[in-house]
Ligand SMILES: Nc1nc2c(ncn2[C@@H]2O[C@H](COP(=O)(O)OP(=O)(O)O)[C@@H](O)[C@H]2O)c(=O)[nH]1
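Just one chain is shown here, as structure tokens, and it is the form predicted alone.
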């Protein structure tokens, strides 16, 4: 339910009664639009509790009116400014989700799942979705067993695990011809060499390594050294035409791995288009995007958007050993909806690489949930 008044400055102020701040935000967004401003949140008065546990107030200027401060502000929009605003919005949503985690539910018990996942770095709206889905399944299971019996913490953890895994796909494999793309310094070359060993040399399969990285000083030389150590043929190419010619001469049974330059936003505009066109049009090339597990969710999504023109089919995550929590990585993987192929956790070749699995991604997130002795914190989502 909502009530509305107009302030002297013609600001439309509207209150929504809901059981959580995210629910109120969604209601305000649906009715007032995305530019609605959250002004206040407080417990509803006793006589209004039947409408919702919270009274959340939003403000919005009419479409044909703007506040004086906004009218005087220069209407300049730059990529850097937009990125800053997106980061602030993410931070605000995270704070609101954490606040709502402590707000009472209909049963008077606190939420636990969304708060724990948000603390682990999962994007707040995604954490709220997961809590809602788990809560519904647990409620249905409780009704089926006995309305008097609350689910145990172990049952809650099991349902959270299933929900987390259901949003991911794992495909630990590479194609006969595989290209590795990504930003500078994410570990493309090291990942390529590790896979050359475990998917080729260790299996007795012929391997050929190609370097298309003409930007980084010494890149081709470094990869040539690795190829010499592994005893595999190596070739450096300077453009897509040379790459196409090199691929034509390779026997069909040979595992061919292609290293590409680390493309920053500037380099992508300067020379990435031609290579992207080539790789995206070749159906026989498995292009995999290499990302670092230590990056923020928004940075991962920006990088993925930048390399979307390459049409990568799978994701490889590196620096797993340096990531404090995989929450941001999990959120980005769910958002991108691409299969995860391999996880890299160090510089050792080939030891520090393994098949992407739920154990390495979902497991650390489950570890953030309260243990059995704190079951009440988890049951509150039901």
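Computed from a predicted structure; not experimentally measured. Positions refer to the first chain, counted from 1.
One more form of this protein should be noted, the form predicted in complex with the named molecule, which is absent from this view; the next part is about it.
- Interface residue among 59, 339, 43, 345 relative to the named molecule in the predicted complex, by the heavy atom within 4.5 Å criterion: 345.
- The partner is absent here, but in the predicted complex a heavy atom of 189, alone among 189, 303, 232, 256, sits within 4.5 Å of the named molecule.
- Taking the partner from elsewhere, residue 221 is found to have every heavy atom lying beyond 4.5 Å of the named molecule in the predicted complex.
- At a distance threshold of 4.5 angstroms between non-hydrogen atoms, residue 273 is out of contact with the named molecule in the predicted complex.
- The closest non-hydrogen atom of residue 331 lies beyond 4.5 Å of the named molecule in the predicted complex.
- Although the partner is absent from this view, residue 297 stays clear of the named molecule in the predicted complex, with no non-hydrogen atom inside 4.5 angstroms.
- Look at 346-354, 31-39, 48-56, 331-339: in the predicted complex, residues with non-hydrogen atoms within 4.5 angstroms of the named molecule sit in 346-354.
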